[in-house]
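A single chain, nothing else alongside it, follows as structure tokens in the form predicted alone.
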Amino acid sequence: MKANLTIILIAVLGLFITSCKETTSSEPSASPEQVFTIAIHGGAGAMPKGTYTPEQEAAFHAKLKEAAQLGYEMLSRGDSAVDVVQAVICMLEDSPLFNAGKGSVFTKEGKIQMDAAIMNGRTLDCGSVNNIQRVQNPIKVARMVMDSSKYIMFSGEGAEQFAQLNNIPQADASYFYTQHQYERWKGMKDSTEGKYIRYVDSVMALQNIPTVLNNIEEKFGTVGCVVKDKYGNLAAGTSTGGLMNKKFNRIGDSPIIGAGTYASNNTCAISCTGTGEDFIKTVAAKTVADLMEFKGLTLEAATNELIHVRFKEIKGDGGLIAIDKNGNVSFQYNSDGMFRAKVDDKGNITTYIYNE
């Protein structure tokens, strides 16, 4: 009898253990792998084909391709969309080719003031900094604000103190001072508001041409990245040195969530470049997302509506890059060109400069 009872108890215990194992193994795992995509921009503006020499064009294409390749390799191994956005933008900030990080332009007072923002489309968490001067990679501070703070936006000295407390690398002011941007600033700093002289926000563009460029609209060298990772999550980030010769600590759209930067898994991820005031007026990035969510527009239709219809109404200028939740990519701009690149989950990288 005791032997039979022992057998029964062992059998019941075995069923209990099996049940526990089944319960553990049935817990939800990570989302299944999906098609991943990345898109990058390095600024938009009036730069008709022929603005740059073949050597200059090659330099832009090479840096955009390098950044896209980095993003592809990270996505391939399963890195998150947010991590990829940060890494790609850091690479662009470290290049003097663009108006962000090392290649940033000068303010009216001859200072460097940089803005950046990043947003996680899965959680809607976001972080932003503006008018910082001594942080080597502003996008890292924006990410830290998002991950390690109950706030969303830090400004100026406060943002730099936060960066220092979190051991984010800082740099001496001389790190950001490129000779080409300095020469541009010298030629512009005493100009009046009404004088029609614009500049090309690109160090490379100034190597073989005069500092003052008459009748050439400004090229906005802001950098940005939007990503859909293999788990279906979206993220967006933007970084800029702002406008050359800006006054009164002006802040553009790049660090403003919903204007120059936005991401939501429900719709899309967007990074904008152009005249910041125009993107702020139209709450551009969020407007695109809302057109998709509430009016049922496709990504292409929504971005086209923003840049080619609503911007036309306010005489706005600039462009944007976007990725939707299905991995579709859209490049929209109303200028002669936009430095841009994209790469798909097969590793096919395409880079562009002009309207092509």
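Nothing here was measured: the structure is a model prediction, and the numbers come from that model. Numbers follow the displayed sequence, beginning with 1.
The same protein also has a form predicted together with aspartic acid, omitted here; what follows describes it.
Problem - Contact check for 93, 104 and 181 against aspartic acid in the predicted complex, heavy atom at 4.5 Å - result: Checking in the predicted complex: none of 93, 104 and 181 is within 4.5 Å of aspartic acid.
Handout entry: Residue stretch of 160 to 168, 225 to 233, 244 to 252, 133 to 141 approaching aspartic acid in the predicted complex, non-hydrogen atom distance within 4.5 Å
Key = Of the options, only 244 to 252 has residues within 4.5 Å of the partner.
Exercise for the section: Tell me, yes or no, whether residue 261 is in contact with aspartic acid in the predicted complex, where a contact means a heavy atom of each within 4.5 Å. Expected result: Taking the distances in the predicted complex, the answer for residue 261 is no, it never comes within 4.5 Å of aspartic acid.
Practice task
Find out whether any non-hydrogen atom of residue 80 is located within 4.5 angstroms of aspartic acid in the predicted complex, and reply yes or no.
Solution key: Taking the distances in the predicted complex, the answer for residue 80 is no, it never comes within 4.5 Å of aspartic acid.
Practice task
Give a yes/no on whether residue 275 approaches aspartic acid to within 4.5 Å in the predicted complex, heavy atoms considered.
Solution key: Because a heavy atom of residue 275 falls inside 4.5 Å of aspartic acid in the predicted complex, the answer is yes.
Problem - residue 128 within 4.5 Å of aspartic acid in the predicted complex, heavy atoms - result: Contact check for residue 128: no, nothing within 4.5 Å of aspartic acid in the predicted complex.
Exercise for the section: With aspartic acid left out of view, choose which of 237, 121, 71, 221 has a non-hydrogen atom within 4.5 angstroms of it in the predicted complex. Expected result: So the residue touching aspartic acid in the predicted complex, by this definition, is 221.
Practice task
Enumerate the residues of 78 to 102 that have a non-hydrogen atom within 4.5 Å of aspartic acid in the predicted complex, in sequence order, or give none.
Solution key: Residue within 4.5 Å: 99, and no other.
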